[in-house]
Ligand SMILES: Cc1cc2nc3c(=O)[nH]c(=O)nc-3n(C[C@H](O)[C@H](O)[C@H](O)COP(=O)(O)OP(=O)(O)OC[C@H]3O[C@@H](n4cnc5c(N)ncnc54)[C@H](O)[C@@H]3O)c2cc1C
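In structure tokens, the next block holds one chain alone, the form predicted on its own.
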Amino acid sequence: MQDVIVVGAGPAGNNAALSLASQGYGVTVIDSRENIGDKLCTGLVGEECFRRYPIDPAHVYGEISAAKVFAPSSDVVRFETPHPVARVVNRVAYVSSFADRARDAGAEYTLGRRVARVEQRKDRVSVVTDDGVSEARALVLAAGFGSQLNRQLGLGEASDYVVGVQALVETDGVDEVEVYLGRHVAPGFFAWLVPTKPGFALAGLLVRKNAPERFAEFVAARRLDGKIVGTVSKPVCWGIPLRPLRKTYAERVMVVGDAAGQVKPTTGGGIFYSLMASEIASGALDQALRDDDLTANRLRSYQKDWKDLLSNELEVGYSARRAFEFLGDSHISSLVSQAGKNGFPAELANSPDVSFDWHSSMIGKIMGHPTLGGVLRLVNPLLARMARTPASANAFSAEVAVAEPVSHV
């Protein structure tokens, strides 16, 4: 019997395995995929994440210090920072690098095996796959969004989510990240072109429904304007949680990463938050294993600690996300236009407290900006209250949650 079984070989699962194996624990990682890290993602990693969790420079496609935002009115605002704020990396190689280090530390990997169910017993956890049963003292569930194992364990599921769709395309003249807004593109969300190798980019979008149709329209439009000249891979859809689980622990169990909903609600990015949460989980599990106390009451410290780190970002980000979904194309175009005219991109770029990975400060600046706040007040009083002061964003989530029913796919 192992000390820990980790279900899921994504960023959270691999980093948890690395941390625990490095401390001498017996760890087995189980994943249904044969190719570790092979999951859809833009591969955008913020500089803070890059410094804290480095990657081989050979797997970095490029640095990001500028992006173009296309409004529904076709107005374009270019954001540029004096220093790179993110990098585009080979996601498969990046995630695999954590698995390689975990293996070097002693973790065992069982790939191509789907977990059918998990059974909690008095002194162990049994993980049933399609070819047998593995047992351990504890389980780290990092199986990604939509895993039925959350429900089996009585932990429920994310209360809100969005669908992403993405494909690799051939491009002409796309050398910066491009973001497209508008209800005709991705209602309530956005679409993107993220350059990777020269002449190639990841094209994708987030939307609540009709993702394949919306994506086909987006690619067709970019073909007309000459930016996309061919498709390399078929578009693939995946789910992204916008809200975390209410409970991310149980008897002998911790849930991390996308499975726990530790994802930025603004962009759907989850690598950095997943890596940090997995470190917190590993630390809490280390102490619990040492004391041989793996009760739910003991493991609740994990949820308290990760929420202390991320809860404010998730709540403010979700409030802003829901507010954005209220906006019509005319409102979005007005915001983009006003931002371009008033030097707001430069103000954000030069602000020391604005980060690629921590969005609450940026959201506060947008809501508190006198001109942009004026535009928001034209929409409705609810948004006006949010625009009054950056601090009000922290208390906004409850109002947004009840203002309009959430539409699921």
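In case it trips you up, residue 1 is the first one in the sequence shown, and so on. This is a predicted model, so every value here is computed, not measured.
Keep in mind the form predicted in complex with this ligand is missing from the figure; the text below concerns it.
Undergrad: Look at the stretches 271-279, 72-80, 287-295, 101-109 and give the one with heavy atoms within 4.5 Å of this ligand in the predicted bound form.
TA: Every other range fails; the passing one is 271-279.
Undergrad: Is residue 7 one of the residues lying within 4.5 Å of this ligand in the predicted bound form, judged by heavy atom distances?
TA: Contact with this ligand, yes.
Undergrad: Taking any heavy atom pair closer than or equal to 4.5 Å as contact, tell me whether residue 12 reaches this ligand in the predicted bound form.
TA: Residue 12: contacts this ligand in the predicted bound form.
Undergrad: Is there a non-hydrogen atom of residue 355 within 4.5 angstroms of a non-hydrogen atom of this ligand in the predicted bound form?
TA: Outside the cut-off, so no.
Undergrad: Given that the partner is absent here, does residue 41 sit within 4.5 Å of this ligand in the predicted bound form, heavy atoms only?
TA: Within the cut-off, so yes.
Undergrad: Quick one: of 252, 91, 222, 214, which gets a non-hydrogen atom within 4.5 angstroms of this ligand in the predicted bound form?
TA: Selected option: 91.
Undergrad: Here the chain is shown alone; which of 59, 365, 68, 33 has a heavy atom within 4.5 Å of this ligand in the predicted bound form?
TA: Answer to the contact question: 33.
Undergrad: For the heavy atom contacts within 4.5 Å of this ligand in the predicted bound form, list the residues of 111-126 involved, in sequence order.
TA: Residues within 4.5 Å: 113, 114, 115.
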